[in-house]
Every structure is written in structure tokens, then in C-alpha cells.
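Single chain ahead, by itself, as C-alpha cells, in the form predicted on its own.
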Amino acid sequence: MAETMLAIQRLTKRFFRRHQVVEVIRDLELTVEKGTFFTLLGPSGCGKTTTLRCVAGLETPDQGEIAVGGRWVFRDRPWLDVPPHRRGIGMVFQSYAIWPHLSVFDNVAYPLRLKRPRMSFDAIRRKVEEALATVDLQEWTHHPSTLLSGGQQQRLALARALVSEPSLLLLDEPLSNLDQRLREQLRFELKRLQREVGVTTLYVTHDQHEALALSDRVGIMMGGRLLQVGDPETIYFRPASPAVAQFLGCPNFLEGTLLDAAPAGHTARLQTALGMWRGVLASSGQRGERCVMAVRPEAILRLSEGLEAEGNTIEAKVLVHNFLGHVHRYQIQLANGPIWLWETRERLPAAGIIGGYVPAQEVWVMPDSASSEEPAAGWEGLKGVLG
């Protein structure tokens, strides 16, 4: 059985804003296993950075318990609040927090010089050189930190966080200040580095591509709560609710009524505004139950001549076309439904009505009741899509 590195229970944090009490984290429960790269993914203001800061000891929760490596670092009863420097945690901030008046060497050495008992200079030098070699900055050891590029500063901040050999590494959107090309490059470097070092990592981002590319496990956070935790493929293809599907880039939703009773994971028939459709049920459903179907743009296939699809068909008019390099993206108006997005490698006709279909296994059917359980922000956005 895997060892637990981070355990969070009943975590709640409130702030006072404009004479009001705002609960930014609500009874959060989270477990991260040793050696795992775990990402908290969610929109701005959902509480993910506050959660990270509570784990680091930079914010004091109002209630709950936090344990790192089997040791309590915060507990509301009896009260315990271990100082940040004694939690065995490394942290990389969004701004990197590089000290411009210090050299590359001194930036990395700084946390080691605060250790008690004091380390010898030779021991500090050896550890700093190892950390800089890990992030491929050994040639910059004695240079001013101000000479580093954005990507190099990010690696320097990572070396400083790793030099103390923390049991848990916290990363607060460390790639958000970089250009797209550099972000993609450093995603691979960060993944490789985490695998080589083996440090348990808690990563915070609002970028779904970043989360899916880096993570072993992803937690979708909205309104101060975790809505779903799973591996990237499960989160992406099998969202727990319409709000999670929408946040993960699924813009196409279709409401329907179940024509059959079926257990979770089975294919069922539904009556929709586009006719009879089939899809895979996220949970067991009863005949007559209202549901919401999520259809990803890349799941829509061209209905070629001579091919008859049994249900799940659409007729659409192309409104807007964008070429994205790897795919063509179309905004389409369904003949008897809302506007959808369609992504395909082939170029579709620019005029006229186009036929398409969606394989039943690509249609994810969620109970309509799941929508009412979402935080207001997520559901308000979804209502705009569903009309």
C-alpha cells in the first residue's frame, strides 16, 4: 500500500472582505501519495493557491488538519501550527522570488545557511552544486541572478526549493510568466526532474493543458471544494459533472431524457432535441430521468456517403473556421440546436449543410441533478452554454 505524504482533513479558510466573511476553502479533504505529482486545477479565486499556502504555513487555516510525511504540521484541536521553515517543505512561487542582489550560488545556498545546526561551507557548496546540476545551471553558479532568462530563473527557484531535500514540493503556477514555447519546453523538464528526484509534488494551475501533461493525479477545484480527483485521462474523458466538463474545455452539451434504465458505465438511449442519441452513463439512471450529455469537439466525425450512423447524428452549417495547425476548428450552427464547436484534421466545406455523427462511447451522460451540486460560479458559466 502506497505511503501517504500529504493528508488534509476538514480544511477551512475564511477571509474578511468588505465587511463580509468569505469562505475560500470549505471542508477540504485531500490525500497525496508519496512520489506523486498532484495538481490542483481550477479557475482563479477557487481557493487552490490558498490551499497551497495553508500547507506551506504561509496562511493559518480556521479549522482542519494537515499532515506532511505522517507528521502533523497544523491541527485546530488541540491547536498546533508548525512554522514554515520546520515543515520540511520546498516552495516555488509564481514570481519565483529570486533575490536580485544575490548570485545564483547564494540564492540556492540561502535556505541551507538558515539550517540548525549550522552546515559547513563545504557541505553547503556540495549541495548547491548538486542542485544546480540537477536543473542544468551549473555553468551559471557564480553569475548574478539578474542575468538569467525567465526560464533559467524558474529553474533557479526550483533548485533553491530542492536543495534542502524537502519531503514535499509546492509549485504555485511557476510557468505562468513564460511565453508559450518556453512553457511547453519546461513542462517536459519539470516532469523529468520530478521523476528523477522522486519528490512528492503539489502543483497549482488554472491551465488544463499543464495539469494534464504534468500530473499523475488531478483535483478539480471550484468554489473552495474539490469536485473530482483522478488520473488525467479519467478527468478529461469522464468528468464527474457538467461544470467539470466545461472547465476542461468541453463546450458542447445536449440535454436529454433517458429511454432506458441502465447501470453506470453502460450505454443507454436518450431522447434529445436532435433525435435519439446513445451515450455512456456516468452513474446509474432510470427511465425518464433528465440528463446532460457532454460531447468533445474532436469526437464529432464526418458522416460520409454510404455510411449510416444509428442515432447520434447532426446536421450543421459552418459559421467560422480557424486553422490551428494540428486541427481545423469550426464553429457550427446545428439545424435544430445550439452552436457547437467541431475539431477535425480534414477541412470541411465552407458552405452548405454538413452531416456528422458521434460514436456512442464518446458521449458522456451525466445526471442533470449533478449540475445543482456545483458551486455557483461553475454552474452559471454552464447555464450560458446550455442556454
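Every value quoted in this text rests on a predicted model; they were computed, and no experiment measured them. Each residue number is its position in the shown sequence, starting from 1.
There is also a form predicted together with a small molecule; it is not shown, and the following applies to it.
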query: Heavy atom of residue 35 within 4.5 Å of the small molecule in the predicted complex; finding: no
query: Residue 60 within 4.5 Å of the small molecule in the predicted complex, heavy atoms; finding: no
query: Partner proximity in the predicted complex: residue 44 to the small molecule, non-hydrogen atom cutoff 4.5 Å; finding: yes
query: 4.5 Å heavy atom contact, residue 173 and the small molecule in the predicted complex; finding: yes
query: Option from 316-324, 340-348, 356-364, 36-44 whose residues, in the predicted complex, bring a heavy atom within 4.5 Å of the small molecule; finding: 36-44
